[in-house]
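There is one chain below, alone, in structure tokens, taken in the form predicted alone.
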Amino acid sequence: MDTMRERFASVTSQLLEEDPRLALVLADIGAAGFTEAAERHPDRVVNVGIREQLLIGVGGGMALTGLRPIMHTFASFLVERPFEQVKLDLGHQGVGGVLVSAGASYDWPSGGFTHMAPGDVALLDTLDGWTVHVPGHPDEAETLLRHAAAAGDDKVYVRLSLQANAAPRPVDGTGFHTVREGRDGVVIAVGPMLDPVLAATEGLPVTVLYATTVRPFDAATLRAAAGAAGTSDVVIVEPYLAGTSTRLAAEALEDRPHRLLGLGVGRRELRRYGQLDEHLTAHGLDPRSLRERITGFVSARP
């Protein structure tokens, strides 16, 4: 199976052939995957080098001319480092574009903390009007990339990762999808957290919702699932900063008694490089740790 990032390169190259409005801006990272596309479309495939603020600025300028820019690099260099440009050159200017990140929270542990971005979605939550896709499989990444490229002038963030579920699920760029139904609570699994959540909740009578489009937050589906389960005990398992979406879940359930548990990447910096699976375990995102936290939360209901 190819990776989400490899699928991004092939799909975006194809989209550049199909849509003359589409443009691609790179900052060295991933440029090797677009050598042919750059030769075929030198006016619409631009590599600015390791200048991430310029990456966003050029994308914003392209959008002002009517193009639909896709901007790509590691998440820490795409959202965190040039955040002022994301806020001003896209948001304040009232133009859109597609940010496609790699690296996620800790896909490349040996790169160190500079290449980790567990706070990217939380940071974008401080801005208005962003759609956020978190695919859990390369096939889902392709669907969501195509959806983002065709999304008019919207501001869209597509968060790619080396973490992936074993099989794709049907996704359409909107809302949450029910994977399993139960009566003891609702667990929302975001993107590549689905397989660990399904393993962790095997045999437990809980509803599992799958979320690949997390912004806008699908309050209606959560409310319906909680109503069908007969309880508003909700666990959200996210592959980025723990608790990123709990505020939105609380707002969705504000008119009824509810309990929330946000699981994800902790704030404590892990200073040993390790491997990806070791980071998952250290943050309690492996199936065994998830089962302990979820069963403990559900059983503690008053």
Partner chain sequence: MGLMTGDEKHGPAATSTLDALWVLYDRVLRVSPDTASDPGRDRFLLSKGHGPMAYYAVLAAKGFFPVAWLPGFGSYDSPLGHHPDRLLVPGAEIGSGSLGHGLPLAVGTALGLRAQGRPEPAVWVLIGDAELDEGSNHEALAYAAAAGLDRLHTLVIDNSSATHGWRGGIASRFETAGWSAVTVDGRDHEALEAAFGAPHPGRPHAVVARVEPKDA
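What you see is a predicted model, and the numbers here were worked out from it, not measured in a lab. Positions refer to the first chain, counted from 1.
The same protein also has a form predicted together with the partner chain, omitted here; what follows describes it.
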### Interface segment, criterion being heavy atoms within 4.5 Å of the partner chain in the predicted complex, picked from 185 to 193, 80 to 88, 158 to 166, 140 to 148
80 to 88
### Task
Could you confirm whether Glu269 comes within 4.5 Å of the partner chain in the predicted complex, counting heavy atoms only?
no
### Query
If you check in the predicted complex, is Leu276 within 4.5 Å of the partner chain, heavy atoms only?
no
#### Entry: Any non-hydrogen atom of Gly60 within 4.5 angstroms of the partner chain in the predicted complex
yes
### Query
Can any non-hydrogen atom of Thr35 be found within 4.5 angstroms of the partner chain in the predicted complex?
no
### Task
Let me know the one among Gly152, Gly94, Gly230, Pro170 whose heavy atoms come within 4.5 Å of the partner chain in the predicted complex, would you?
Gly94
### Message
So the partner chain isn't shown here. In the predicted complex, which residue out of Leu248, Ala31, Leu260, Leu54 has a non-hydrogen atom within 4.5 Å of it?
### Response
Leu54
### Task
Output the sequence-ordered list of residues from 26 to 55 with at least one heavy atom within 4.5 Å of the partner chain in the predicted complex.
Asp43, Arg44, Val46, Asn47, Val48, Arg51, Glu52, Gln53, Leu54
